[in-house]
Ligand SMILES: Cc1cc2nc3c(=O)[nH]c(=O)nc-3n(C[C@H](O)[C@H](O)[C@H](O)COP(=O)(O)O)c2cc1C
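One chain follows as structure tokens, the form predicted alone.
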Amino acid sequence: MDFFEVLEGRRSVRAYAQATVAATQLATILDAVRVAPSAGDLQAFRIAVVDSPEQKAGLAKAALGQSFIGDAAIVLVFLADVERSAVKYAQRGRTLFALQDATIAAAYAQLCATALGLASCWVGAFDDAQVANVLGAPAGLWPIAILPIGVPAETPQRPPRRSHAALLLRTQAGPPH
């Protein structure tokens, strides 16, 4: 699958077949994440790989009852490592750059999963403290995204997308007044 097919083919899938994700597929996803860009190349994020039914159920509960999380073969949880970024960027690293690093990493994982014929769904609605508790995450790691990954059991249609004109902000040339 070429890059543009991956972009076009990615969907938010909430139904997964009872199939495993091969260790080689997970390794490929993690390799893709490793090359994601990050602020100052600090890679200020961590990833929890969750495959136990109990932890997946705990994450589903923490994510406001989104039970499909528990049905995925694996769940990746991306956490911003705020202090790693703060070493170089102080408060901006804590509040923005670590968040961006974890977000970009999760996006790379999603695209790689799609390229491998797997499916995922970005989950951002959750209780941070509950997610951290389920994972046993140490202080300083801020949960940013839950990414269930598995073999798709559905093929959702693409929702309508905004036009280029609706996305673009027209700016005025010249210095601000």
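The first residue of the sequence shown is number 1, and the count goes up from there. These figures come from a predicted structure and were not determined experimentally.
The form predicted in complex with this ligand is left out here; the points below concern that form.
Note that among 123 to 131, 22 to 30, 37 to 45, 51 to 59, the stretch whose heavy atoms approach this ligand to within 4.5 Å in the model of the complex is 123 to 131. Not one of K88, R94 and G140 comes within 4.5 Å of this ligand in the model of the complex, counting any heavy atom. In the model of the complex, this ligand lies farther than 4.5 Å from every heavy atom of H164. Residue contact check for T114: none of its heavy atoms lie within 4.5 Å of this ligand in the model of the complex. Counting a residue when any of its non-hydrogen atoms is within 4.5 Å of this ligand in the model of the complex, the hits in 10 to 41 run R10, R11, S12, R14.
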